[in-house]
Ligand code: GCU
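Just the one chain here, laid out as structure tokens, in the form predicted alone.
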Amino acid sequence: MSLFQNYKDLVLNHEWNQELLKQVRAIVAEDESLMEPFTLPSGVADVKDAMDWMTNKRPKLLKFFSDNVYGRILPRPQSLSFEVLSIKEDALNNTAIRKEIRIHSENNGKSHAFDCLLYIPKNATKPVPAFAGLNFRGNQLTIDELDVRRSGLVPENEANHDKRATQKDLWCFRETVARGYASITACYHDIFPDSAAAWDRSALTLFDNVDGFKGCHENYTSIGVWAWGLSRMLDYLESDPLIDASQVAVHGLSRLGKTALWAGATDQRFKMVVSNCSGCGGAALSRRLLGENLFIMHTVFPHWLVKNIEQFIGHEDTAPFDQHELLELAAPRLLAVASATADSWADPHGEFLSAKAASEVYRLFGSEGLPAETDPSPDQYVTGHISYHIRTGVHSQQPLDWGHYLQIADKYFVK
């Protein structure tokens, strides 16, 4: 029996529970030789040209992903304001201006706020481009400056420990500032705590009544709410005279890489979209079933995708979409996809194939898309309007990854 048939028999003929989850995990492929041939939906079928794609195909594709994958696209709130909590003029050894900003949203009589950490090159002579991304465990963990305010949810076993700087290599604030870019972050838990039981503690309460709701929602997802938060961060950057908000890259790692892709799809103000090890539900093709698949992700993290995704689980090989079409929604803007050699769970080759397939839409705009026919060697950058690299190492976002993002920005952004 083939890998896909085995998977299909399991998920279509058994009750979805923890025992089935164990069985599906047991057949997850990590061997490329087990992959089966597949055909991808074409992003340019029945499309005349770039204008036709933007005015007709893109809106339909965006609606499909909204209805069936990432949920309704949340609007800007009725009231949005920015509170500057602190400014440090000599941050990062006097190379940067550091700002801590609280973003306040009000809608339908409800309010929600979250805190951002922003570094800006100190000696810039004009507004600078910026990178925007969410972090996992609090702003204070992204940098070794001990006076950064705490944010994010603190696990109970760390409640008495003010841990700091443990994720600074994921952010590279010093190098980013040295290259002439600002960088802003906020903790994703402060926008939607990453739990299927946390709907009523999320920013979604601004738009709908989710009191007591748990599990998988028909209309909304945590990924959609996190993406909404990234757009509000961009709203702030548009208000800051030190920032060139027309040149902002949205980026993310893992589940936040999925989020960055959806934020880039729903908010075309982002000039560059960066996916780092985003895997299933992100850049990786679902048809391949290598590493994490839709069943595993939906079972473990039911709040990430809408309930409609269930109709495609077990039918990934015949589904009318795949993740290369999510990447196409970045066109014709800059798109960067990154993988890691020891991250089979995120299917690096599937991420490369997805980026390569998205190139057909980029070609409508006169771009080559991804300038590579085969996977590049580890730690080698392939740079185009679609860029790709695979870093030696594990599931993470490291200085080598940042080296490529900064190289792309240096090539295409105006400073």
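All figures in this text were calculated on a predicted structure; none of them were measured in a lab. All residue numbers refer to positions in the sequence shown, first residue = 1.
The same protein has a further form, the form predicted together with ligand GCU, not shown here; the description that follows concerns it.
You can rule out all but one of 137-145, 117-125, 235-243, 295-303: in the predicted bound form, only 295-303 has residues with a heavy atom within 4.5 Å of ligand GCU. Contact annotation: residue 255 falls within 4.5 Å of ligand GCU in the predicted bound form, judged by heavy atom distances. Taking non-hydrogen atoms only, residue 151 never approaches ligand GCU to within 4.5 angstroms in the predicted bound form. Using a 4.5 angstroms threshold between heavy atoms, residue 14 stays clear of ligand GCU in the predicted bound form. Remark: residue 278 counts among the residues lining ligand GCU in the predicted bound form, judged by a heavy atom distance of 4.5 Å or less. Residues are counted as partner-facing when one of their heavy atoms sits within 4.5 Å of ligand GCU in the predicted bound form; in 335-353 only 345 qualifies.
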